[in-house]
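First, one chain by itself: the form predicted alone, in structure tokens.
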Amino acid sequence: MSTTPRQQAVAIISGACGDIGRAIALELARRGVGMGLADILPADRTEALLNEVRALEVPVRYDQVDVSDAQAVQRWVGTVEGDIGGPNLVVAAAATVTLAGAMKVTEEQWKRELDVNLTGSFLTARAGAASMLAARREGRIVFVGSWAAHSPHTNLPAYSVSKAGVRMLCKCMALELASSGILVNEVAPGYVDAGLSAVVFRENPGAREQAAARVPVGRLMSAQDVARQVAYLCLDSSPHTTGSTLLMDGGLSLGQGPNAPGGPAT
């Protein structure tokens, strides 16, 4: 629970304990946005993040939520609304990844990735949008997608398919919600030196250096780079942008997709 005065802008952020989700939370907090955070970690493992946000003098709460559970997501949004205020910003950042090709990924792994990455994004965005519509609040929804949505990755088929689904979900919701003043967009990073890419880098020695060498601009991006682009789409800098993908892949999409095992995701 928070005792800090309510802010005009309130965000709900799923996947907030991951590197990218954490960076997004702190970036929005620096801009005066109050927030309800969610992830699958128990609350006692989130105090460091909550203290960082509180130090920026905005209200914050954390709830342990499985984003693939519709009722759990609805309870989370309702709790945030009652404690901090109705959200007008929604960031769907929760994701998981399995490093296995189409012939090796298990049915359980495939289902879990689509449940979290695609269905979880849908449930988070829909619950946030429902709150806005009920109160006639305008707002923003931002999906954290990936360049893997359009570039085949032979070692990440479930992840790539789930992110392709998120991209079309973004367009469908953008069209449906535009007349209500709710803008819906996607940020699609390439190789991030954090988050799910960091998992690949840890499990595949030399993968980080190989990834950086593939990027035409010659460098990987940070979680903070992604967070700044999310903030751009969340706040008033882009009042006419909806149904769009902000591709920030350093030029990766200009060449061949990574078909060799070990190519990272975001």
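The first residue of the shown sequence is 1; numbering continues from there. Bear in mind that the values here come from a model prediction, so they are computed numbers and not experimental data.
What follows is about the form predicted in complex with a small molecule, which we do not show.
K.L.:
Looking in the model of the complex, is the small molecule within 4.5 Å of a heavy atom from each of 33, 139 and 181?
P.N.:
So, no: the whole triplet misses the small molecule.
K.L.:
Does residue 128 reach the small molecule in the model of the complex, with heavy atoms at most 4.5 Å apart?
P.N.:
Residue-level check for residue 128: no, no contact with the small molecule.
K.L.:
Does any heavy atom of residue 89 come within 4.5 Å of a heavy atom of the small molecule in the model of the complex?
P.N.:
Result no; residue 89 lies far from the small molecule in the model of the complex.
K.L.:
Taking any heavy atom pair closer than or equal to 4.5 Å as contact, tell me whether residue 17 reaches the small molecule in the model of the complex.
P.N.:
Yes - in the model of the complex, heavy atoms of residue 17 and the small molecule come within 4.5 Å of each other.
K.L.:
Look up in the model of the complex whether residue 195 has a non-hydrogen atom within 4.5 angstroms of the small molecule, and give yes or no.
P.N.:
Contact check for residue 195: yes, within 4.5 Å of the small molecule in the model of the complex.
K.L.:
Counting only non-hydrogen atoms, choose the one of 77-85, 182-190, 169-177, 129-137 that falls within 4.5 Å of the small molecule in the model of the complex.
P.N.:
Single hit among the candidates: 182-190.
K.L.:
Would you mind picking the one in 149, 116, 99, 158 that has a heavy atom within 4.5 Å of the small molecule in the model of the complex?
P.N.:
Contact with the small molecule in the model of the complex is made by 116 alone.
K.L.:
Give me the residue from 215, 70, 41, 50 that has a heavy atom within 4.5 Å of the small molecule in the model of the complex.
P.N.:
Contact check passes for 41.
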